[in-house]
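Okay, so here's just one chain, in structure tokens, the form predicted on its own.
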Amino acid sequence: MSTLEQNIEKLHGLLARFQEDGIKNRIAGENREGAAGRFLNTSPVDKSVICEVAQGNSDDIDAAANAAADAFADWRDMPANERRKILIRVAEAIEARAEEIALCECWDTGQALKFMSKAALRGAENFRYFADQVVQARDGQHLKSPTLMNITTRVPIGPVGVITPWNTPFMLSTWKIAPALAAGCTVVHKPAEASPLTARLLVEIAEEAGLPKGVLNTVNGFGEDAGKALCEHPKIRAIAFVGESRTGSLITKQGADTLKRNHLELGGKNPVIVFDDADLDRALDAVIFMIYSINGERCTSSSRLLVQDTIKEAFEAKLVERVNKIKVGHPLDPATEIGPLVTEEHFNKVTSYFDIAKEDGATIAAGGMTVGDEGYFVRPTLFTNANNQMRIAREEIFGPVLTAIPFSTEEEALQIANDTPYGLTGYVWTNDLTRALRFTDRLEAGMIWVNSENVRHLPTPFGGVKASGIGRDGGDWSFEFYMEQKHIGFATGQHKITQLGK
């Protein structure tokens, strides 16, 4: 039996319980059907039904928000070391069930096992990292003045809402939920309707590891009802969201009446700039990895290649050769590098850009076609002879699609790179240190890597500028979002108080 066949057999065993009972909402430690009924969850691999899923609405969100509010005081006041131990146990349980998580995620989203096996372990890393920050999370400063001893401290903001997307959903859920729990907040989680499997696994793992009932609640459903209700609920103090920029704007509006704090991690049309003095072999590897791994379905993908005209022809020739060799196939096959796109709707969106590219006058140098008719498979695609005014260069395609744009000078490269509504990441390839310093200083992006692909270091700030988001994740930046600053001033003597009415 091949490895693929073994993985499919394991998956069928894991899915049996979901297929029998469906996925229910989890509120206050109890399974609950959705007030709006159920919806079907299908696999992008072969369009088969995976299971039925509880469809939550405002009633379910209200119940979950109340459960999170009821559980908040006890979780907030639990000794930090006790909360830390629980979060460490969650991390250990994720590691123990990493294969189960990865297999389910591959079938649910179409992501290749090559990448999802690591994503599950990254989820454990997120919990372990923030668990280790629990004890000092509330530490503040001592700011002495002539008459007062001023101290600051931080306290958890309260129940929070977490809305996560369908691309690498388990890892991104832990990225938001782990620091919220470490800060002492309780959580209502609304996962993307296209990828509910691992969200269910996460809440099960957390409760089995000792997380008290009601501290983490999961409500499945759609953005227009469950998501909207979460953003509007008065007991939810903050919303952490990952997704499209358009949806981020809507979330801001929905939370306005309750003065909701928002952390928005949104879209990108990220440039990778390759100068002719770069290590071109390494740059080629990084360019390919950052757009074609994870099916191109990630916000930090470098979807615009800005390549200096002196090396354009040779670099693009090597790029075409490599792109045409990328293996598209079943996501549970360890050799697969690109699996199917997540839904029919997204598949139709991505493939529509094949015609748009031709209409704009670009060349389809590689790919630009679908694969088979069982699932939502496409060939990795490269557009050349493009300019930055084309739709393929301005709109977030969010698939394995790269647009190559030539430039001649450093100033031109900077102008093209910044000429976008987005500003999430940028990647610069050059061996000229002074150029790298100049360029990164003026590049409009929240995160920039020089001579590297995206290498995530958890203590560093993660987030974008312009239409790519508001706020930062990572290290202490996460606690700044999930906690409130408090100042307390203690008089150190009998300083003069102005007397009125005497």
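We number the residues from 1 along the sequence you see. These numbers were taken from a predicted model, which means no experiment stands behind them.
Although it is not shown, the form predicted in complex with nicotinamide-adenine-dinucleotide (NAD) is what the next lines describe.
- Annotated contact segment (heavy atom within 4.5 Å of nicotinamide-adenine-dinucleotide (NAD) in the predicted bound form): 225 to 233, selected among 136 to 144, 225 to 233, 206 to 214, 371 to 379.
- The candidate spot formed by 115, 347 and 399 is out of contact with nicotinamide-adenine-dinucleotide (NAD) in the predicted bound form: none of the three has a heavy atom within 4.5 Å.
- Mapping the unseen interface onto this chain, residue 243 counts among the residues with a heavy atom inside 4.5 Å of nicotinamide-adenine-dinucleotide (NAD) in the predicted bound form.
- Contact annotation: residue 384 falls outside 4.5 Å of nicotinamide-adenine-dinucleotide (NAD) in the predicted bound form, judged by heavy atom distances.
- Using a 4.5 angstroms threshold between heavy atoms, residue 304 stays clear of nicotinamide-adenine-dinucleotide (NAD) in the predicted bound form.
- Under a 4.5 angstroms non-hydrogen atom cutoff, nicotinamide-adenine-dinucleotide (NAD) in the predicted bound form has residue 462 among its neighbouring residues.
- Here is the short version: of 271, 196, 340, 268, the single residue with a heavy atom within 4.5 Å of nicotinamide-adenine-dinucleotide (NAD) in the predicted bound form is 268.
- For the options 292, 353, 315, 166, the one in contact with nicotinamide-adenine-dinucleotide (NAD) in the predicted bound form, meaning a heavy atom within 4.5 Å, is 166.
- In the predicted bound form, no residue of 56 to 94 lies within 4.5 Å of nicotinamide-adenine-dinucleotide (NAD) by any heavy atom.
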